[in-house]
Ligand SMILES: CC(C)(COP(=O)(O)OP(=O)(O)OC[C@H]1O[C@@H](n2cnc3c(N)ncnc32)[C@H](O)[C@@H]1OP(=O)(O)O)[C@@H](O)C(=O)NCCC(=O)NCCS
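The chain below stands alone, shown as structure tokens; this is the form predicted on its own.
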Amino acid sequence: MESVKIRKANPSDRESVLKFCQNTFSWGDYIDHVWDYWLDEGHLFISEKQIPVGMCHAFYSENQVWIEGIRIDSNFRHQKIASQLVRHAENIGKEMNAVSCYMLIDVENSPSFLMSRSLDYDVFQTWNFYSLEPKITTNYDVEFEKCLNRKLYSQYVKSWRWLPIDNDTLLSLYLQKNIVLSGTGNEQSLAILSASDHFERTLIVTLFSNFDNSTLQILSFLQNYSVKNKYERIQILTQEKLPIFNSLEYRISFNLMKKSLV
């Protein structure tokens, strides 16, 4: 069997890669929207057999590796190419003293799930994705939080990456008024807001929903906040099942997979 070479991507790979990515999902794929961003960030890897046959991107931060965008040409699947790409990203993480590695997999994507399990990843958490339409509202009761219990809130979602909340991140979120709280005591719900780095006018919300009434207050706030700040899309990631709310739509669920690198 012809060996597979893994290398860094370059701009000339774009056309070849997008050709085998265009029908990844029933609705297409998003790689064409993020390719240039990932190329600029670095750590965009290509598997090559004379031509590109696979790709993935890795993002390194605060002792962890985030792996995303694993794509394999359908003519070259079942050859462990995805596994080789993941191991390549992990090895770079180990050289950078990363202690853990994460990836997000659709709960119904059995091939990717089995691949991750074969590489010793475990289901760390399960997250639900909801969409919400921006709308002018006035009936909500929230406040902006200045601090977090990082034992409870250790990560947040930024551009569909589950990233650690360190001191610098917490300060930035606080100064930008991106931590929103509603309710008191055991009835509190909390949301962390971030603008997508890759998609224009898209607000990404990490929602910790502990009580329906306080969650509804935050949802109303998010609608109004998005209109005022000219967001066209609200994407909400949460571990909980959210209450019924106008224009709130459940989309899909994901397993957050985690592996120790030490």
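Just count from 1 along the sequence shown to find any residue number. Keep in mind the model is a prediction, meaning the values are calculated, not measured.
There is another form of this protein, the form predicted in complex with the named molecule, and it is not shown here; the text below is about that form.
Enquirer: Report the stretch among 161-169, 137-145, 110-118, 187-195 that approaches the named molecule in the predicted complex to within 4.5 Å, counting heavy atoms only.
Expert: In short, 110-118.
Enquirer: Pick from Ala89, Ala98, Val180, Ile81: which has a non-hydrogen atom within 4.5 Å of the named molecule in the predicted complex?
Expert: Only one option qualifies, and that one is Ile81.
Enquirer: Only one of Ile236, Ile70, Ile218, Leu44 has a non-hydrogen atom within 4.5 angstroms of the named molecule in the predicted complex; which is it?
Expert: Of Ile236, Ile70, Ile218, Leu44, the residue with a heavy atom within 4.5 Å of the named molecule in the predicted complex is Ile70.
Enquirer: Any chance Ser16 has a heavy atom within 4.5 Å of the named molecule in the predicted complex?
Expert: Result no; Ser16 lies far from the named molecule in the predicted complex.
Enquirer: State yes or no: in the predicted complex, is some non-hydrogen atom of Ile105 no more than 4.5 angstroms from a non-hydrogen atom of the named molecule?
Expert: Close contact exists here: in the predicted complex, Ile105 approaches the named molecule to within 4.5 Å, heavy atoms only.
Enquirer: Test of understanding: in the predicted complex, would Phe25 fall inside 4.5 Å of the named molecule by heavy atoms?
Expert: Output for Phe25 is yes: heavy atoms within 4.5 Å of the named molecule.
Enquirer: Flag Arg150 as yes or no: does it have a non-hydrogen atom within 4.5 angstroms of any non-hydrogen atom of the named molecule in the predicted complex?
Expert: Judged by the heavy-atom cut-off of 4.5 Å, Arg150 is well away from the named molecule in the predicted complex.
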